[in-house]
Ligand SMILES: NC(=O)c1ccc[n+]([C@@H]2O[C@H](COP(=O)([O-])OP(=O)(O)OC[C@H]3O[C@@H](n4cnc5c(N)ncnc54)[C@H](O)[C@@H]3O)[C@@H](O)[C@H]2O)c1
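We begin with a single chain expressed as structure tokens, specifically the form predicted alone.
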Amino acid sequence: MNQAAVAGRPLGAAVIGTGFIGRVHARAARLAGATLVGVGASSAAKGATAAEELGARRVYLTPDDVASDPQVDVVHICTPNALHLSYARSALAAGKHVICEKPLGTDLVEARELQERARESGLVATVPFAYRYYPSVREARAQVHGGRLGRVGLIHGSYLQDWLAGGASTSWHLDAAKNGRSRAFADIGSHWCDLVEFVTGDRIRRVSAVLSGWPDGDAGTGLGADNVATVLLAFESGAVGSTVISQVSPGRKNRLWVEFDGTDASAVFDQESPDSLWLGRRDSVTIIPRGESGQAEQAAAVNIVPPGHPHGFSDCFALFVEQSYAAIRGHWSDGLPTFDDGARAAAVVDAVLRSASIGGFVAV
């Protein structure tokens, strides 16, 4: 599907998977001007219900169904992880652009296959690391790259949720055959690591991890699916860091928090208070509100609502999809996360799993 083929008309989008995140994709696709051609579901009945609710024209039940539809330009893959490979492989082979939820596959081998297929196809293939689209994240990136923190030597934080606390969930994430070997770290730890590397431009070089299935599995053994991960990090620049990842922390709905400590200043981004960036020096603390005069150009570029009106997750996701569609039309933007970034995240997850299995640091 070349750029000329979609010039002057709305893109035709298919959304495969109609749970929470599939509906987020469908909304963002519409906001970006696409026509929702069809949806994919695990059964015809579920698909028919979702199609009616979302206003889609048809239902897909297999990868070939959507790949063979000439009205589809871009496929959004929002299925359980084990289906990412087959849907993305078929879509790319059919010349369709792809937006695939992370992780790209259930392991690094699958992720690298899709990375290579995307490169060979020349098609747009992106992964929704949507936290990149908070203006405060872009401001932190500008602060780091502009040298205003000095040399960053310590990077630390956490990503905490509670949806697995109490053991009440029946999500497919609990089924390793559908999810893959890593649960919490692959699901949300990958977001934290991507955000850190995006802000600093510094790569995680080595990790030392302890995984835990607590409270419904062995604690601290590194065996089985992880509800909790604690990871020490060593970066290419010589910086060090740590993160705590949990989906069993009661009261924490979606707390992604990261601090960048430099020789001159520190910066903190807190996803639960995303409309400001905290900057600390030995003699002062400054809060930079979103939209303030003098903000970095890259922050202003993703600042889509006036100050005083919260810029939230849905806004970030809409920006990500809008910029993915712009890339399909030949207009690439800074920071758009591609299958290269998805494969990079899979490499970090793989290193975390290897480290937890053998103990001690391993290379990414």
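Note that the structure is predicted; figures quoted are calculated from it, not measured. Sequential numbering from 1, following the sequence displayed.
We do not show the form predicted together with the named molecule, though everything after this point is about it.
Annotated contact segment (heavy atom within 4.5 Å of the named molecule in the predicted complex): 36 to 44, selected among 36 to 44, 301 to 309, 322 to 330, 335 to 343.
Interface membership of residue 213, defined by any non-hydrogen atom within 4.5 Å of the named molecule in the predicted complex, is ruled out. Residue contact check for residue 80: one or more of its heavy atoms lie within 4.5 Å of the named molecule in the predicted complex. Contact check for residue 101: a heavy atom falls within 4.5 Å of the named molecule in the predicted complex. Although the partner is absent here, residue 87 lies within 4.5 Å of the named molecule in the predicted complex, judged by heavy atoms.
With the partner removed from view, the residue among 235, 172, 257, 278 that has a non-hydrogen atom within 4.5 Å of the named molecule in the predicted complex turns out to be 172. Site annotation in the predicted complex: the residue of 194, 73, 187, 110 reaching within 4.5 Å of the named molecule with a heavy atom is 187. Residues from 9 to 25 that approach the named molecule in the predicted complex with a non-hydrogen atom closer than or equal to 4.5 Å are 16, 17, 18, 19, 20, 21, 22, in the order they occur in the chain.
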